[in-house]
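For reference, the chain that follows is the form predicted on its own, supplied as structure tokens.
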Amino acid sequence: MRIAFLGLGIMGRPMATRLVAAGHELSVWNRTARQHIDGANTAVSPADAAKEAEVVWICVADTAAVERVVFGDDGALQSLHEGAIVVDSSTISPSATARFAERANERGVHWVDAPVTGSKIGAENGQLIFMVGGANEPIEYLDPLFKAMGKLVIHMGGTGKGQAAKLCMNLQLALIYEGFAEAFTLSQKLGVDSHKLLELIQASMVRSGAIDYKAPFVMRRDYSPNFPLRLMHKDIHLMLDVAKENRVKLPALETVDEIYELSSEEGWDDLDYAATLSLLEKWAGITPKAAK
């Protein structure tokens, strides 16, 4: 297929690379710095990338960025023909997704929201899970592209339901990791061996795939970004906004948001969100040492 891929960050670049490897014709564009992918054309704007494209695939930072790359002065929509498909793998507001889809539909363009889970390693290995919202026909048409990048596609429902599901997923991720970070900090203060604690966690009913993934990085105190803190913090704000819109109270998440606010003030926005552990250790007077 002829694809315009917009956004070559931590997730977007490996996703686009896998589409090229699968034999698709890509034109790529990145907002912050012009990037090249072997086998793909490098465009000068979203509109340039979208010329002749059957599919525009987006993976950018936030709701405002999605609106700019699709509907801005040099946005992709102005280049798209009737029947083209916009696929958004960013994590953004479900209500904004509904508005964007309506604007695209007025031009005869389909909109599919398809955020992902699986982190950087999943993107590199083609093991992403897509949470998809939209109509059946365009989603079925996209099947070869989903297969090139992921291992599972779950059609969550109509437009915006993929984004809604992603926020609910990340809500759990933020809370699960915070629970682990607090237990890990307390265990250090009480003199429990960190390796033994992890052995216990992994052998018991509190085991979590999220912690299985994060624990090796935490033990090394390696906070290089697989999922930057600033993006999880952005998602937390989206969750709280959606909850407010729908009269849902999220007291645990409100507390976790405070941890992220203070971690951001420490200058950790571009570290992995696992770095929130450092704040708890700081408050506890713990000087962490990377485990062997």
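Quick caveat: nothing in here was measured; it's all calculated off a predicted structure. Numbers for residues come from their place in the sequence shown, where the first is 1.
Just so it is clear, the following notes concern the form predicted in complex with another copy of the chain, a form of the same protein that is not shown.
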Checklist outcome for this item: Note: another copy of the chain not shown here; in the predicted bound form, the stretch from 140 to 148, 74 to 82, 174 to 182, 106 to 114 having heavy atoms within 4.5 Å of it is 174 to 182
Next on the checklist: Does another copy of the chain, in the predicted bound form, lie within 4.5 angstroms of each residue among Met1, His36 and Val66, using heavy atoms as the measure?
Outcome noted: no
Checklist entry - Does any heavy atom of Ala96 come within 4.5 Å of a heavy atom of another copy of the chain in the predicted bound form? => result no
Checklist entry - Applying a 4.5 Å heavy atom distance criterion, does Val44 contact another copy of the chain in the predicted bound form? => result no
Next on the checklist: So in the predicted bound form, is another copy of the chain close enough to Ala61 to count as touching (4.5 Å, heavy atoms)?
Outcome noted: no
Next on the checklist: Even though the partner isn't displayed, in the predicted bound form is Ala284 close enough to another copy of the chain, meaning a heavy atom within 4.5 Å?
Outcome noted: yes
Next on the checklist: Pick out the residues of 247 to 264 whose heavy atoms come within 4.5 Å of another copy of the chain in the predicted bound form.
Outcome noted: Arg247, Val248, Lys249, Leu250, Pro251, Ala252, Leu253, Thr255, Val256, Ile259
